[in-house]
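What follows is a single chain, given as structure tokens, in the form predicted on its own.
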Amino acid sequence: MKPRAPGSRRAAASLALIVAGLLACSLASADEAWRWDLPRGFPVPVVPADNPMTTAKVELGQRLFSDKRLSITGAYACASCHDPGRAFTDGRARALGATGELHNRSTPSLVNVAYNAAFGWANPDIRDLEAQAEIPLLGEDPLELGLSGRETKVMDELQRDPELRAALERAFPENAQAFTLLHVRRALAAYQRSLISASSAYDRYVFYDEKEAMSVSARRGMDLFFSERAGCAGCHPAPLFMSPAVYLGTSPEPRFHNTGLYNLDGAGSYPENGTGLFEHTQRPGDMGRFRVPSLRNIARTAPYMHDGSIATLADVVDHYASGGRNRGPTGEPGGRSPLQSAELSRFELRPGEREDLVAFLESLSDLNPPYAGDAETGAPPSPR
């Protein structure tokens, strides 16, 4: 049999994603089906066929997202680290688990995670939100919520809550006899897919032709951002400002980049507890490679980078304009790393351009976030 050409395989994969998305929509009843509220031209997320989006499932997911019974201490929830007011981050350089354990990574934003090709900062194997939910729930190194070994007890507690039990029956009418960890994972995944960022000043300017939505400085910064000289859009293309992005009709493989944060030994090494993709592959060339996060709502997610080691957006701009800081063992510049991604190169910042780039990055924050429910009470978002 003649093998398929690469283009045919890509087309077949894209068609499979479209069919899966359509099947997921058809499985949800007409009155419960989730309606994506997206600007014209904004991509439609992919939804797994075995976990279709429904309003009831999203509402249950938000309640569980704020439910502290899911933690080993009973005092911590997903929302404790992923605060909607901070674009689902926590303002810390490094995350803190339910028992007070300090993590090696900062808390990543959950806004627009529906489009991620991979999850976590540098894990190439976690490809969907349902699988990712196991890590904070059950992971022990580092410990986040600490549910491992307590699953049955906690599921029984949820089942005894009449409001949650009714929410479960609405969300999973086909198999809602009792709470299971799979119900929790799927509801959390559905809620996180609903966290779409598309209501920023940039969106008003680009998608709705509101010419005064962005300041003059932000528009100058936008021109520089998309210019060949700065090259920012090479890794952060619009409209999602992340790469790669998964949506209906695409099937990209995850990619990871070394942005020249560290060069401890002159050969490109990173701190032992922050080696990035290398931790999973053990390939020397993967040292310091991390996922490219979205820049949407970036002004609300300081401090920056996987370890929170850059404090402000102005400092982030300086890091990239310098071609990477490549910090040595005592904080001194270590010279360009041989492992640094080729896409990252130095560019000149002319007077006022740092401020213009920061103004543009600030314009990517949602003005009226559609996902800002009450993190403490778990009040669900308005149906969309």
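What you see is a predicted model; the values in this text were computed from it and never measured. Note that residue numbering begins at 1 and tracks the sequence as displayed.
Keep in mind the form predicted together with a small molecule is missing from the figure; the text below concerns it.
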Are all three of Trp34, Thr55 and Met155 close to the small molecule in the model of the complex, meaning a heavy atom of each within 4.5 Å? no
Can you check whether Tyr76 is within 4.5 Å of the small molecule in the model of the complex, heavy atom basis? yes
Hey, in the model of the complex, is Arg186 touching the small molecule, heavy atoms inside 4.5 Å? no
Is the gap between Tyr202 and the small molecule in the model of the complex 4.5 Å or less for some heavy atom pair? no
Looking in the model of the complex, any heavy atom of Glu343 within 4.5 Å of the small molecule? yes
Picking from Ser194, Ser197, Asn116, Asn263, the single residue whose non-hydrogen atoms come within 4.5 angstroms of the small molecule in the model of the complex is Asn116
Can you pick out, from Arg300, Arg150, His257, Arg220, the residue that has a heavy atom within 4.5 Å of the small molecule in the model of the complex? His257
Based on heavy atom distances of 4.5 Å or less, which listed stretch (98-106, 203-211, 168-176, 244-252) is in contact with the small molecule in the model of the complex? 98-106
